[in-house]
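In the block that follows, a single chain appears as structure tokens, in the form predicted on its own.
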């Protein structure tokens, strides 16, 4: 899934990279579920195929949204981590979550998390970003 950059519009440029459901769900899993390994992403409820997952992870790596490194605890595993650009997608996820909580039939527990993050405003987003930086930026 290479980005195509059909125009210089910032919204278009963003959507060309993160505009499909799988890309944002992978980032969601990194941010909120603490997933770091390929198999963990495959176990998400949405049922991404291994081929699609591999393509999206590669694109996210190529575009500087995440990094990939060997897992020091397991020689055959790879660890995926967000970059600063990936962490900066937190407000997008928070806004989508708050909208989905308000206008869709969302899981109550997950809706509560989205609503609390949105209600906390910029301070809550910055606290979460600080935590993400500590977990992802090495």
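Bear in mind the structure is a predicted one, so any value in this text is a computation, not a measurement. Positions refer to the first chain, counted from 1.
Quick note: we don't show the form predicted in complex with the DNA, though the next part is all about it.
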Q: Answer with yes or no whether residue 55 is in contact with the DNA in the predicted complex, where contact means some heavy atom within 4.5 Å.
A: yes
Q. Taking heavy atoms only, is residue 37 within 4.5 angstroms of the DNA in the predicted complex?
A. yes
Q.
So in the predicted complex, is the DNA close enough to residue 95 to count as touching (4.5 Å, heavy atoms)?
A. no
Q: Examine residue 51 and determine whether its closest non-hydrogen atom to the DNA in the predicted complex is within 4.5 angstroms.
A: yes
**Q.** One stretch from 108-116, 68-76, 83-91, 25-33 that, in the predicted complex, holds residues within 4.5 Å of the DNA by heavy atom
**A.** 68-76
